[in-house]
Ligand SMILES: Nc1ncnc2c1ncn2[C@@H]1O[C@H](COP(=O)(O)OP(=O)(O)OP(=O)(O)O)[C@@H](O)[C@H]1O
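Next up is one chain by itself, shown in structure tokens, the form predicted on its own.
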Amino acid sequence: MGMMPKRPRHRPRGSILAAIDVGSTKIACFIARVEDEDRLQPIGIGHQLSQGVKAGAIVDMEAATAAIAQAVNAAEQMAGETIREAMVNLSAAHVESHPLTVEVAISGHQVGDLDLRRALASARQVERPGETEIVHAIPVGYAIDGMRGIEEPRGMFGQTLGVQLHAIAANAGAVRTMGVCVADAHLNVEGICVGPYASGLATLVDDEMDLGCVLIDMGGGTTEIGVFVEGVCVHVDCVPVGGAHVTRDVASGLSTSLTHAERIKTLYGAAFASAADERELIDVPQIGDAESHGPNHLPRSFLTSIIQPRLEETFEMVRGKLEASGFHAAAGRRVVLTGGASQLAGVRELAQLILDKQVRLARPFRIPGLAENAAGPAFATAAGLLRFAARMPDDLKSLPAAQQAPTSLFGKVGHWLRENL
């Protein structure tokens, strides 16, 4: 009996892929064409101020659907293509990450995809508290007849197949709500990828993934954490604080509007004060003041004194999550920061101080050819979703379905909801 061919890991050349990042501050849609095995050509980008999303959760379905549709429409116009399905992110705020080991009998025959699907089916039957659904089941190791350390079991022989998994279980209600919003925007959810997993795929170099690394994606409503070891994502987590909380602190501390606070934070904000900050004055328009009164002048150091405590709190919470996860040591000494809120001056240095690790700032280099306005850290998740869709990583959730999927749009939506909810 010959060796079983490995399943395809890449999309065919010329395929059109789409990704939608539904965030708390923006909704982004990327469309790309597959050029070859490891290259995507971005052809359409649309982004829109987020509506109906707070701290990674959809709080107004109608507003979120409208914003998704607008971002998708802008990307389609640029691409000159109509998309019918997209890879969608799910905030780590909705998920729980836990290790899981399953074992299935293979009775002496060759291991194939069917055995891996049976392993996933048995993983799904493991009792989980509350109303949750596994959205990722990432193999972190295999064993045949108790012999561990096997990297690729397909084609091997034995009596039992063991799979060690990183299972990411999501709140089923949040997944269903996201699916309905995307369906109402006339799209099929091709699949779901958790935010920090996607961001890591777009920003980490191979050595970081292999040797151990913590990815911290600093978004508007949340700060999301992904731990990567030996080339796979082994843990995800989230703290409910992001750039929008810093903006609110600035607005409150300076008695100015949220719009002015965001602008002041972007132009003058920093995580550390410098000696010159005491002398430099910034103009702060006051809420409710008539224009004729003119702005209020405050030292830049006062702005830093508002921003720094919130960022310190954020990194302390991240450190606490890492220590509680048990992956603090396994993740090594490397941290990669990305996300829109990572761009403030001094954030890298502050993270280095509090986390006691080497820190670098990252943008989504894995998708070359992105326009300058979409190649920044704020778009790491959207770029990673494309990479996830293109490469079909070795996630048991991405194994081929046992039966033929329906072809009509509404049939596919219903099929996806039945399979995933």
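Predicted model only: the values in this text are computed from it and were never measured. Residue positions are given as counts along the sequence shown, with the first one as 1.
Keep in mind that the form predicted in complex with the ligand is not shown, yet the notes after this line are about it.
(message) Between T247, T314, N188, T256, only one gets a heavy atom within 4.5 angstroms of the ligand in the predicted bound form; which residue is that?
(response) It is T247.
(message) Just to be sure I understand the contacts: of A170, A119, M218, A202, which is the one whose heavy atoms reach within 4.5 angstroms of the ligand in the predicted bound form?
(response) Selected option: M218.
(message) The chain here is shown without the ligand. Which stretch in 358-366, 64-72, 383-391, 23-31 comes within 4.5 angstroms of it in the predicted bound form, by heavy atom distance?
(response) The contacting stretch is 23-31.
(request) Kindly confirm or deny that E262, A341 and A378 each have some heavy atom within 4.5 angstroms of the ligand in the predicted bound form. (result) Result yes, every residue of the spot touches the ligand.
(message) Quick check on T266: any heavy atom within 4.5 Å of the ligand in the predicted bound form?
(response) Contact with the ligand, yes.
(request) Classify G226 as contacting or not contacting the ligand in the predicted bound form by the rule of any non-hydrogen atom within 4.5 angstroms, answering yes or no. (result) Close contact is absent here: in the predicted bound form, G226 is far from the ligand, nothing within 4.5 Å, heavy atoms only.
(message) So, P42 and the ligand: in the predicted bound form, are they within 4.5 Å at any heavy atom pair?
(response) Taking the distances in the predicted bound form, the answer for P42 is no, it never comes within 4.5 Å of the ligand.
(request) Mark G56 yes when one of its heavy atoms lies within 4.5 Å of a heavy atom of the ligand in the predicted bound form, and no otherwise. (result) Yes, G56 lies within 4.5 Å of the ligand in the predicted bound form.
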